[in-house]
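Same chain, two versions here, written out as structure tokens and called structure 1 and structure 2.
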Structure 1
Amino acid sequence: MDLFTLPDFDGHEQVVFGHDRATGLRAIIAIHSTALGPAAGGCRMWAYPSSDEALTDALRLSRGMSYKNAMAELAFGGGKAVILGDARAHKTPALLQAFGRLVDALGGRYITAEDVGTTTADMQQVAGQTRFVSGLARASGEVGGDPGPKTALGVFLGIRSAVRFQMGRSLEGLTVAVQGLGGVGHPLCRLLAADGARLKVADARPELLAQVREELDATAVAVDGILEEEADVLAPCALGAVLNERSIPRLRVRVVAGAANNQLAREGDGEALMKAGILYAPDYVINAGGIINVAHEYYGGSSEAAVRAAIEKIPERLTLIFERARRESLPTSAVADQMARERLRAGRAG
């Protein structure tokens, strides 16, 4: 495999492969761009079927972080880390510390945080080896901590703006199908229910599914069937590539707006959604609440009010994308990519 000719390489500045024999750490850190600041993005731990798939995920997620941070107007570039392994079976304090040393060796070019398979407690272990980490546990009233609820807030506000643009109405009485009930999906469901939405939910963890069903009077749906459920909004909040040539023709919604990264399996899927009459909220725009929280924590001197004010700009950005896409007859995903690349080019020129 030639790394430099991979479709997802996309001009990455640096890709680091880390291995620690003593702890079993196998990790990839991908730095897509530092044009706007140090590359920032979480650390995902996942049982990838192969190292090739782990690399592809790291590259796609890293590029997505460049676009996300650029669109959120943060002083961050884009990067991502993946640790190969089952977080439930292979994650240990020693392994996390070894990962922290790998991050530290990059001298601040990459800032890590939690992601799928890692937690704020894990980041405390990483922080024992490097200062280039955010998303740490904080005392009450301090900026920082678990970015999941902040991501959920941004997604919720983004769903409201997408529904208003597409349907000209509020969420009251509408049905939202939520795929994934983890650190973002669960708090998102609470916000949606409080705003009057009816919920259909799916998750591979039966106990979590039962909890959300009982707490929010949600309808439980099989994991392999949630994408085909009739609803007004689909909110993918699990892993990526769920929108593809097989799933898009079976969608029965008018809006797709969720927290998962890289929801489109390939570039052309954005056009397929547009042709199907489905409004797509580009994932890296709507799910930026977590990285906004991370940025305010990392650079310091901020407040919860300032974080919320920054997250509340997400609907404005989405509306600009929706309007431009309609005006130019382009997929919203293509418009967002174009806007993000323009900001990255301006950063490099500056």
Structure 2
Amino acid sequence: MDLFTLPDFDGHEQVVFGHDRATGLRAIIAIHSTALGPAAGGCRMWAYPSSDEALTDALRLSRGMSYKNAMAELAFGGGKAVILGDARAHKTPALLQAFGRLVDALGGRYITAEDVGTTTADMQQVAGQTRFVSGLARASGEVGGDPGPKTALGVFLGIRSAVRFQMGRSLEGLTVAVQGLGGVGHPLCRLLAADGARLKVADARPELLAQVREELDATAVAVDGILEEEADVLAPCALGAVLNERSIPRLRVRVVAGAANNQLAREGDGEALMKAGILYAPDYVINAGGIINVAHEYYGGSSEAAVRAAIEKIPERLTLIFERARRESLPTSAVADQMARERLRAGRAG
């Protein structure tokens, strides 16, 4: 395998392979860009079938973080770490500490945080070895901690702006189908319900589904039916690649706007949505509330009000994308990528 000719290699600045014999740590850290600041992005722990697949994920996700951080106007570049292994079976404090030493050896070029397979508590272990970590447990009143509710706030505001753009109205009385009721989906449902939206919800965990149905008078939908449900808005808040050649022709909504990362299975799916007359809020723009929270925690000296003010810029940014997409007859996903690349280029030149 030749790293520099892999399809997902995008001029990444640095890729580090880390191994620790004592704990069995096998990790890859990909630094896509530091043009706008230290490369920031979470640490994913996953039982990858091979190190090639782990490398592909690190390359792809780190580029995604460059775009996300650039569009959120943060002083962060893009990076991502992956630890190879089953989080339930192989994650130990010693392994996380070894990962912390690997991060520390990069001297601040990469800042880590929680992601799929790691938690706020795990980052506490990492923090024992390096200061280049964010997303730590916080005492109440301090900025930082669980990014889920902040991501939910940004997604909620983004849904409102997408509905305003596409339908010229508020959310009152509209129906939103929410796929996934976890750390983001559940607080998102609360915000939507408080704003007068009706909810159709699905989750693979029946206890979460029952809780949201009772708390918010939501209609429960089967997991395999939520993408085809008739509604005004679909908010994917569970998995990636849910928008694909199979699902797009079956969608019965006018707006897709949710938290999940990498919602489009392929680049061409953005065009398919546009042709179907569905307004798509690019995932990494609408779901930036969590990384905004992480940035404010990392740089310190901030307040909840400042975090909120930064998250409140997400709808303005989306509206800019929607307008440019309409003007240039381009998919919103392509416009977001263009804008992110423009910002990275300006950062490199500056």
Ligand code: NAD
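Treat the numbers as computed from the prediction; the structure is a model and nothing was measured. Start at 1 and count along the sequence of structure 1; that gives the residue numbers used here. Between two forms, the rigid core is the largest collection of C-alphas that superpose within 1.5 Å.
The first of the two standalone chains is derived from the form predicted alone.
Relative to the superposed core, Glu13 shifts its CA atom by 2 Å or more between structure 1 and structure 2. After superposing the rigid core, the Cα of Val176 is displaced by less than 2 Å between structure 1 and structure 2. Here Pro187 does not count as shifted, since its C-alpha moves by less than 2 Å between structure 1 and structure 2 after the core is aligned. Superposing the rigid core and comparing between structure 1 and structure 2 gives a CA shift of 5.0 Å at Ala47.
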